[in-house]
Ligand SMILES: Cc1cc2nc3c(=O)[nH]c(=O)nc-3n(C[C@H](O)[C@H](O)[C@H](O)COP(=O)(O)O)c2cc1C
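Shown next as structure tokens: one chain only, the form predicted alone.
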């Protein structure tokens, strides 16, 4: 069967995701791109996967350094998501969106104000359709803003948590 791209995109937009900015170094220059295609695949050892269109400008930097950082954005960082997604703003993506950052434990660019960060070493790269899947062993992580509300994406729009309730997961112990 041939599934139309527009239909596939419409269906996938029903899946709410968090928003991240994946960063890498291009020489000594920080580069970043908005990504919501992130998943954890292993706890021991800690491993994540990101998916990037093969034509994205950041792929050569990740391929050269075999490293990337995932910056999980807080709700107040929508402007970073927009800019790193390529919005027509100043400063633009080529100027790293004017974002404040510091080198993380592995030297990768880590965005100030992110809820959490993962610094990853590429262990595998797979071509799937028009994307690369970058498998990353997590070498360092931070959780500087654990109480900040996350920036969410749903139906091609940002979603904010106005009213939320939580429910305990059956069979799981409460953790502090």
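Residue numbers count along the first chain shown, from 1. What you see is a predicted model, and the numbers here were worked out from it, not measured in a lab.
Separately, the form predicted in complex with the ligand exists; it is not shown, and the next lines address it.
Contact with the ligand in the predicted complex, defined as a heavy atom within 4.5 Å, holds for exactly one of 116, 35, 67, 110, namely 35. Contact with the ligand in the predicted complex, defined as a heavy atom within 4.5 Å, holds for exactly one of 51, 140, 47, 148, namely 51. The shortest heavy atom separation between residue 19 and the ligand in the predicted complex is within 4.5 Å. The ligand is not drawn, but in the predicted complex it has a heavy atom within 4.5 Å of residue 56. The ligand in the predicted complex comes within 4.5 Å of no heavy atom belonging to residue 121. By the criterion of a heavy atom within 4.5 Å, residue 85 is counted among the residues contacting the ligand in the predicted complex. With the ligand left out of view, the stretch that reaches within 4.5 Å of it through heavy atoms in the predicted complex is, among 121 to 129, 26 to 34, 140 to 148, 39 to 47, 26 to 34.
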